[in-house]
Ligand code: DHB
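Read the single chain below, which is given as structure tokens and is the form predicted alone.
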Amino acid sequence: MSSAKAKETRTPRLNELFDDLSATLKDFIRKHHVTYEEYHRTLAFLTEAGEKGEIPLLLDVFLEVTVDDVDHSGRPGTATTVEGPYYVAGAPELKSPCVLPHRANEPGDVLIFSGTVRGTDGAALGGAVVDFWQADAEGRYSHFNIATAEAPFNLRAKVASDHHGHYEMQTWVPSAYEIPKSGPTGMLIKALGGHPWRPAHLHVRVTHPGFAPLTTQVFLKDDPWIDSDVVGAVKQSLIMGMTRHDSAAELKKRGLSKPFFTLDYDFVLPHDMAKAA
């Protein structure tokens, strides 16, 4: 390829990022006097992570929070946080109020998750889509460590808000869980003196035409890992407490036979200024 042709195929943004990353890594090697032994151990680690499909996990644990902070810096409305590796497209589309897809004997306690979706001007956003997913009461995600055939889209759905912007879904209280720890990512976390736990949380993507999409998580107050999330994704405004309900009248109204919990959270979306322009 001629030098002129090579210049034509250059991607300015890619070149800028790669050149800066390369310079940063070279400075790091010089600063810390990285040896050949350490270099080859790093190559072996990255090779193993790739062979075991853990590159996304590795980057999610150590870098995704920073990408989220930079990409959404100064954004108004509900705080964003990381998507994580367990999102699955194509979840069933349901209208509020609804019961999420679940197994006949879904473990744990029932949770009624509800709230309102509105814009930063306070206007309710009817027809907003709350794309929802979570781990079950044993810390497992459908399509990953719950067999899809056993429970397709278990505790996953796209729930449309009503004309008042209100959404309500019946799900189950999630559990804290450990990220995969037997592979290279887990071994690195252990070597660094860390732990592999994530506090209990609910995942959401909220969308509405004309508004910037929101990807975030709602964390359960008093979880033992709330202050030491291995991913570092917890933000104070995303921590919420649940309310326990055990009266006979409430149980009858819900058609339930044992106490349940409620959690209310309002999502606020900013206008999509890029599209408005």
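Small disclaimer: the values here were computed from a predicted structure and weren't measured. Heads up: residue numbers just count along the shown sequence, starting at 1.
As for the form predicted in complex with this ligand, it is not shown, yet the points below apply to it.
Annotated contact segment (heavy atom within 4.5 Å of this ligand in the model of the complex): 57 to 65, selected among 242 to 250, 206 to 214, 26 to 34, 57 to 65. Exactly one listed residue, out of 238, 49, 231, 226, brings a non-hydrogen atom to within 4.5 Å of this ligand in the model of the complex: 231. When this ligand is considered in the model of the complex, only one residue from 179, 110, 79, 94 comes within 4.5 Å through any heavy atom, namely 179. At the 4.5 Å threshold, heavy atoms of residue 186 stay clear of this ligand in the model of the complex, well away from it. At a distance threshold of 4.5 angstroms between non-hydrogen atoms, residue 141 is in contact with this ligand in the model of the complex. Contact annotation: residue 85 falls within 4.5 Å of this ligand in the model of the complex, judged by heavy atom distances. In the model of the complex, this ligand sits within 4.5 Å of a heavy atom belonging to residue 201.
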